[in-house]
Structure formats: structure tokens, C-alpha cells
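Just the one chain here, the form predicted alone, laid out as C-alpha cells.
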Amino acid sequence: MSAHDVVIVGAGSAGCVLAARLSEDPRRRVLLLEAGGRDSNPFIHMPAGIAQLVKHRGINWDYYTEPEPALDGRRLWWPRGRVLGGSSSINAMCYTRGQREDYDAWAAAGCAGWSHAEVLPWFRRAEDQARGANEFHGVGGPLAVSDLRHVAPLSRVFVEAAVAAGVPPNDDFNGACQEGVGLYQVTQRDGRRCSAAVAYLRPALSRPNLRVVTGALASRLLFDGRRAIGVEYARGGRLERADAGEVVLCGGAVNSPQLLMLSGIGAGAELARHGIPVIADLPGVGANLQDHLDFCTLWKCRTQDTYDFSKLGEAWVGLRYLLTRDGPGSSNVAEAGGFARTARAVDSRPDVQLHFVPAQLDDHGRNRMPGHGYTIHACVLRPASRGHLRLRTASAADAPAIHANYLAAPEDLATLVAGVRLAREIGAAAPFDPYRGHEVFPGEDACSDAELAGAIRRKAETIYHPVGTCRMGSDHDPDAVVDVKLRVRGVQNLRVVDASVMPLLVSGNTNAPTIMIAEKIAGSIAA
């Protein structure tokens, strides 16, 4: 008999959900392995602390892509959470699900059971919606979804300006219609971040049948023939082993395919190059990489109505938050935004997403700029470009080679140029007149499509939504890595449950869809 019924690798958004849901059955012994540490950093739980988290490498995998050919050979920084809660502990907390057509496209591509009508109940099961329940939203679930406690005046100005520019208002991006502009709802409870660790894992920690081990870097999966029987992991300088009746990978779009390849599951030629014996020749492992590429249009602000605080101002924000759980410290910083159709939209669906930040945001906030300003992000919702991951070495301690392949499809660049033009149109609208200073990026001199494309190549960055590298598909799909119940093809007792299984990137932020995926599969495993 195995020591554990289920071993889960990765305590991110999906892993926390599975650990909590599967351990609800007291007869099921669950082990959750996490390479990072506990979520004890106070900036994790203070929403505006995201501005400080970029400096803390200990809770971040700190990945970089390989040089990107279409982005002037730049290596883009990919922050991914290495801590309980994973990236849900370091993200901007925007709660969006994507468009109903996203999920219907999954089903049409052979992923039976994953249409919008079939996944909506799992979104509702996860949710504790502060506005109350309706046909789209649930209450009483673990994941708190609420309106922001504090909204900067400039964020409301952005909404007014976008409406003036022709984008319709929308107070619920996850309701009957996604298109429009408004304030984001956030995964917060009582002014604190509600990560997957807070929502799901923390209430389950007292269960005797759930064990959580942090600082545990999975090095390879263990097999008896083609049957997964456990996980080998490094902890405290030693190799340890966890035996399992079933193994579930929840490492995300980078770590899950890497661990599969390290364990002999992947393209045979690639594995042979690293001397790894092949257990299952699955060329789709590490392929189909998709991500949202983002460009920030940034203006200086003529007033001080921004979050560009001095050190003393930051201290005051922190003190106010500690005393009241309110004020700018409770902000997710990306307070407003929306989904819009550019001139390049081919149908009635929004093709770009906007995030507004009432501060100057450059290089993920790592470049602190003097003075005051504000930023409008624009990203292409459904990129046609596809990248891939490859092993760099046969060691789990070495990051894989990430080839995001941004803008390989020319239409992605054209749509992003249109998104920047829309951001400029919003920035030029009358509600911004009292605030608008000069344009920093891309700069007033960048006027033509070619000049804007050049600015994008120099400055565009990820907005943190990589998916697709262990994609789901039908039994007749030769490139699918997992089936519709997320079981890895060609082996037994092994699943992947995280954003890597998405066959197509959803039209929005990916945290809520990842939690939904885990809820749905937890229901399948527990049935």
C-alpha cells in the first residue's frame, strides 16, 4: 500500500484547490509538495504589497525567456510564484474568467465536457461573491471575490475617458457580457489578498490526512513500468521519496512540462539528447506555449493624484493599512480596466484587454521613475503566436529554456499596435485633460504603425499568463498531452492539473480559470 493516496506537486492556484478538496474525504491521504516556502511575507497579504514583491526573489522562480527574435533579442522576465499559493500569492488579484466562446472553443477542439455551460458551475462553486449570487456568480465558496475597498480618483477618470472614447461601461466582466470598461473585482477578503493558499489550503491544514511539505523541489517522477508510483524530491540537501497511489502535477505552464520531461515523458529525441530514458514519447509536452504580451503607454501626471509615493508616503500607506485595512494599501494597483474591440477585431468579441495603473509602471515596476504618472496596459487577448519549452539540462535545479516566440504571427503585432492606439485615444479623452502631462512611452514622436511596432519590440513585456504546454485534447489528438480528465496519455496514475492543460489561452487573466480547472477535476477524482 502506498504511503499516500495522492501526491500533489506544486501548491499554486490548482494545487491548493486539489489538496483542500481531496482531503475533505478523511479516508484519502494527501501529500502536497511545494518547492517554495510558507506565505509568511506580510507584503503577500497586503494587496498593494505587490509593488514590493518584485524585489523578493525568494518567493519567485525568477524565470527569463530565451532571447526573443521579434522583441529585439530581449530576454523577458517571467515572475512565477514559488511559495504557498503560487502565483495567486504575487498576482494583481484581478478576477476575470475570459469569454464564453473561449471554453466553447475548447469543447469544439475535442475537449468534451469543457464548454462554457459545463465549466460555469465550477466557477460558481469556487466563488464567494460579495455582491451576492446570480446565474453567473456563487456565494459560500472558498475564493472571496469583492469590490475594491479603495479606488484612486485617476482610476475613475480612466473609466470616464474610456467611455468617452467609445468603450461601453461594464460593472461585471464575468457576467452576461465581457465587453466594456470598469473597475476590476479582486480576490480579496476584508481588504486582504485571498490567494488560493488563504482560500483553500489554510482552512484544511488541521486535517490529519493532509500533509504539506515546503522547500521540496520535485526532481523526477517514479514509475513501475508505465504506472506512476511516486515522486522523488530534494529537501534540505537530501533526496527523499514520496510513494503515491496517484500523482498530480500542479506546477504550472513551466514546471509541469519540465518535470514530465525530466521523468521521461516528452519528445523522444529531446529526452535522448539529455540521456533521459523514454517512458512515453509525447511530442506535445512543452509545445503550444501561449502568453499575453503587453505594452504600457505611460504619461506624466500634472498633479500628485497617483500612487508614485515617496518613501515617507509609502510608510504612511503601510501604517494606515495596518490600522484600518483600507486606503491605498488595500488596492491591487491595477484597479480599472476592460475589454475592447480594436479596429482589427474580426467579430463581436473584444480582442484586447486594458489595465489602468495610477502610477508609472516600467519594467514590471522594477524601474522606479521620478515624479508622478499613470499607465494604460494593452494586451492581445488571443495571440496566434506559439512558443515552446525545452530542457536546458537534466536537472530540476536548472530552469528550462523558455522560447515564448512572441509576435511570430504578424497579426499579433498588428493587433497590439491597434491596442496602443486605443490606449492613446483613451488617454487623449477630455476626462484626462486636468492630469495629462507628456507621453513617456511610446512617446509623442512615435506616430506611424512602424514606429509603434518598433516601440513594442523595445518595451513589450509579459502580463504573466503562460499556458498550454501540457495541453488537453481528445484521444484522437496526437499532440494532446492529457485527456479531458487531465490524465497523462501513455501512462497510468498521473495527471496534470494547472494552466498548462489549456488548449487555448483564455481572453483574460488566468488565475480564476486555473482554480476552476482544479475544482472540476477534484470533483472528477472524488466521484
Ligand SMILES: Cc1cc2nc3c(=O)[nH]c(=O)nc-3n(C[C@H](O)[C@H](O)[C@H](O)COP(=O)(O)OP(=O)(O)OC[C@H]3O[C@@H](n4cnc5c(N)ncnc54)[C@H](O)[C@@H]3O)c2cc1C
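Everything numeric here is computed off the predicted structure, so don't read it as measured data. So that there is no doubt, residue numbering starts at 1 and follows the sequence shown.
Absent from the display: the form predicted together with the ligand. The rest refers to it.
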property	result
Proximity of A35 to the ligand in the predicted complex, heavy atoms at 4.5 Å	yes
Contact of H372 with the ligand in the predicted complex (heavy atom, 4.5 Å)	no
N91, heavy atom within 4.5 angstroms of the ligand in the predicted complex	yes
Proximity of D39 to the ligand in the predicted complex, heavy atoms at 4.5 Å	no
Selected contact from G251, G266, G337, P358, since only one has a non-hydrogen atom within 4.5 angstroms of the ligand in the predicted complex	G251
In the predicted complex, the one of Q129, N405, N174, S87 near the ligand [non-hydrogen atom within 4.5 angstroms]	S87
One stretch from 379-387, 120-128, 425-433, 210-218 that, in the predicted complex, holds residues within 4.5 Å of the ligand by heavy atom	210-218
Those residues of 391-427 which, in the predicted complex, come within 4.5 Å of the ligand by heavy atom	none
